[in-house]
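Below, in structure tokens: the form predicted on its own, a single chain.
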């Protein structure tokens, strides 16, 4: 595929969500809402130590409670077939690897009874002092096999980039550079907090398992759940048509689904289990904290001569996980000498996981903050400095970009933001007691296509089309975007297309993640449509036969063009902030993003995704911070009362714009991923604006008032 196939009917129109009426009337069925006959309820027991082992479980009082059906622990739990995965091997040993780990469960006729009985179970421990503090001077730092090994357990997200990269002689080039910046930035733990908690509703019937859960990919969930339970995949059906947000935390099925399945098998009743908000902080992953050292060297012409990006990040001793924090520095700017490294600090903490724009969100914060510092050191405007260092091809692989219109984003974004009126001097502009500053940064995120997608399309004698693929809609608009793609691929109005997704009874699909969903599923649908149209023309004169006709298209591999092109989305972010000169109170008064995301399938849902990402980036910059207690190894601010996120009152003017530039190589639609590029770069743009307003450079997120008041 080397060109975009144009069938302009629905793609590009701001179509209302096809599931919108269900959402606003409350008839869209989420995982916990499925009606069941005589369900029972599970409440978990969690460890109160971060490292050690359980030495005793006294469940007598709990078992005596009326309505209690079972109390599970490692002493009586069924044996699983994957004991090598500490995250999924629930209740398989007495060992405790982090505080909040499942160590048991109570199953009862009501949730209230299960919760009360759980409090009656006495657990004794043999504890070890927890090791939970991330420091750059640790002597046990290790190199991951990959810089993007998203956990273990298989699936299309497991492979990653090499942990380190080197081109040229970085140290010599830095020493010879007329201008150099050497700075360290840090980001804390961030917890995914989708509105819908992680939920599993499980039913066993005739040796087969039905799991209704909140997941980003039913096909992957089916593979992992069946594997750990020792079942053939065909004996596990996973259903998840609607998901109330995820941000990466629902890519991998976590222990809660396995625990619910074990309980349902024991009590022989359907089991409902949903995590509380506090439990989610220990059980469903988070973005790991990072310490990043950036060194940049530049010549007198303002062009980079050397770039070094060295990352230290936390991971769990129980199960390794690494993020590609420095990989963004391998492709953003031209520099003849460059090095990136990743090192892990294994700690007695829960297992991290994917969170929106994993790696790039932290890495671009550090890189773009350092680029702002270097622009100032070189006496150049930050936009001009980036334009001067724009690469013609991927700086390390040498591959051309499938499309890269970042310079257009910079120029057009600057024009829309009124950048030409900016006085570069810090503290140069005020409005009463407020210091006013502006800053900018760029953003990027890969635009891949995953393998393992099959789409089936059936046309009936009435000319209506049913499209079946086990894709996921996390609230992002998948139902709608895929309907538009199918309509254009079939050259029919959207009203003739019925989309079915979110069920392993449908043809398999990759997960919704890595900004690859529409790229991957849309390509399979487009190919199936082409095959169906061809058969209709060849065999039936273009008219559906009385018995109907069905075709399938299986996209077993990824994008073959990825071997010839580097595929990424890009953006330029501009921020205006106000800082109270006396108190350090900080307001973001304007955010503007200009994006290069290929052909936009639906402008309405696309804008929602981009401004949502920018809002989340603002939350990353100013509010979010999971506070880990070094004495006990748990996050203490584990609810919305203490873990602060951006709310409506915090978001002032926010704008998302994009170029109309289809990518000829990513997929037949010409689209690129846009679910994650919006968050990337936002935190750096805000931090750079804060420096412009105050003269204070904050290199440790979040930017709080205590860091601005001396």
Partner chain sequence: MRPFRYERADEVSAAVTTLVRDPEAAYLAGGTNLVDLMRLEVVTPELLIDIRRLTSDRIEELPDGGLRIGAAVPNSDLAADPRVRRRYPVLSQALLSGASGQLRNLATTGGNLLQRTRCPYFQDITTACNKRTPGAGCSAMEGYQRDMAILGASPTCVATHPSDMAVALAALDAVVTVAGPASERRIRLTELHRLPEADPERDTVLARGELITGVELPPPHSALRSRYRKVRDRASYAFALISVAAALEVTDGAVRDARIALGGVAHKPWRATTAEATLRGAPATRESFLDAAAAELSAARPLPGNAFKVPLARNTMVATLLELLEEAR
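Numbering follows the first chain given and starts at 1. Keep in mind that this is a model prediction, so the values were computed, not measured.
What follows is about the form predicted in complex with the partner chain, which we do not show.
The putative spot formed by 423, 429 and 604 is not touched by the partner chain in the predicted bound form; no residue has a non-hydrogen atom within 4.5 angstroms of it. Interface residue among 636, 166, 543, 534, judged by heavy atoms within 4.5 Å of the partner chain in the predicted bound form: 636. Checked against the partner chain in the predicted bound form, the residues 277, 235, 433, 564 give one hit for a heavy atom within 4.5 Å, which is 433. The stretch in contact with the partner chain in the predicted bound form, judged by heavy atoms within 4.5 Å, is 628-636, chosen from 201-209, 375-383, 460-468, 628-636. At a distance threshold of 4.5 angstroms between non-hydrogen atoms, residue 582 is in contact with the partner chain in the predicted bound form. Contact check for residue 623: a non-hydrogen atom falls within 4.5 Å of the partner chain in the predicted bound form. When the partner chain is considered in the predicted bound form, residue 28 lies well away from it, no heavy atom lying within 4.5 Å. Within this chain, residue 53 is remote from the site of the partner chain in the predicted bound form, having no heavy atom within 4.5 Å. For the partner-free chain shown, nothing in 186-200 comes within 4.5 angstroms of the partner chain in the predicted bound form, judged by any non-hydrogen atom.
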